[in-house]
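Consider the single chain below, provided in structure tokens and representing the form predicted on its own.
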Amino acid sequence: MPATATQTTSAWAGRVQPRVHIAGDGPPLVFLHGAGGLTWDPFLDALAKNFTVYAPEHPGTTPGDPDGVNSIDNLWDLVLYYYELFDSLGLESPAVVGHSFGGMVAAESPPPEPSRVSRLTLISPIGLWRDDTPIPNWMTLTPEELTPLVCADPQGPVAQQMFALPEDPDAAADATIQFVWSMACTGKFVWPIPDKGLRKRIHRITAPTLIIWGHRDGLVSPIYAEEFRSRIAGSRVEVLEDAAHLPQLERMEEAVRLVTEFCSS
């Protein structure tokens, strides 16, 4: 298992002090996490065998810097903030992998300046909207309501990994508070639920793009996979069976193979 280092850096004129988790030795790959916060998981460990993985925590979700999100007013601020963060890490044009909320941010990153991303992988991204297939407001759902939407097996190990709380009451309270705050920090950039205009800008993506979706995704329907594919020139879709909104964990070996082959080619 690659050793993971944690680096605290500064961006946005010093107003945000994010932590970036780094592991591996190879071409740079940035992972942008979903709405509930960053968890360094086996998927990232596996990617770090072939890449130097950079996994930043979204503004405000870093313990010790909860007010960092206050300086980022809107989605465009957030995209420009990530450009600055890339610069501070010495990343000129890395591969970018984004999941869910992080997938939306990843998809928004190339349109203003396409050369900033060399290869783009979107895993169950939000960011587009269909009136005939609305996306539920995950921020109002309890864990009991959310779990069957995002996990193909609501009682399985991935569900336990994502939603089980520590047995210690104080640790459980801290984990709950951190999860709710992460939802609030990311929710600032998606409320009301997208479309935030990505539909108008997505044609500007020129990086080779891989889209990965879970066949049983109950949060963001696999119908959206084709929506993204049809709007990104030359992109391709891989829909994984027996997976929902977390295909990188529920079908980890296959997801790792797809991302590794794609980002190495």
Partner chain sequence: MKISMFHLMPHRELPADFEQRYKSVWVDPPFNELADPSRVGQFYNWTLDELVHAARAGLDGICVNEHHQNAYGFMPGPNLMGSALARETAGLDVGIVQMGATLPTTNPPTRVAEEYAMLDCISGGRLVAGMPLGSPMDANMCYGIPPIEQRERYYEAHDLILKAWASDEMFAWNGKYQQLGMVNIWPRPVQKPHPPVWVPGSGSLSTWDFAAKHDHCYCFLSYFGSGLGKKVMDGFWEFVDQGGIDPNPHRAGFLQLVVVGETDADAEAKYAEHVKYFYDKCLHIPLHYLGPPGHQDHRSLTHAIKSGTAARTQEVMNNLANYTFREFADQQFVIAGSAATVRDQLREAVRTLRVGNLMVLLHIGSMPHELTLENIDRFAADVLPYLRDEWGDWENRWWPESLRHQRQLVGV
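Remember, predicted model here, so these are calculated numbers, not experimental data. Positions refer to the first chain, counted from 1.
Omitted from view is the form predicted in complex with its partner chain, to which the following refers.
In the predicted complex, its partner chain stays beyond 4.5 Å of every heavy atom belonging to P42. Using a 4.5 angstroms threshold between heavy atoms, D73 counts as touching its partner chain in the predicted complex. Although the partner is absent here, A184 is a contact residue: one of its heavy atoms lies within 4.5 angstroms of its partner chain in the predicted complex. Among residues of the shown chain, R116 is not one whose heavy atoms approach its partner chain to within 4.5 Å in the predicted complex. Screening Q161, S93, S88, T176 for any heavy atom within 4.5 Å of its partner chain in the predicted complex leaves a single hit, T176. Contact annotation: of the candidates V220, I211, A48, V69, the single residue with a non-hydrogen atom within 4.5 angstroms of its partner chain in the predicted complex is V69. Partner contact region in the predicted complex: 168-176, out of 93-101, 152-160, 168-176, 80-88, criterion any non-hydrogen atom within 4.5 Å of its partner chain. Proximity to its partner chain in the predicted complex holds for none of G197, A207 and E227, with the criterion being a heavy atom within 4.5 Å. Contacts of stretch 130-152 with its partner chain in the predicted complex, defined by any heavy atom lying within 4.5 Å, are made by M139, T140, L141, T142, E145, listed in sequence order.
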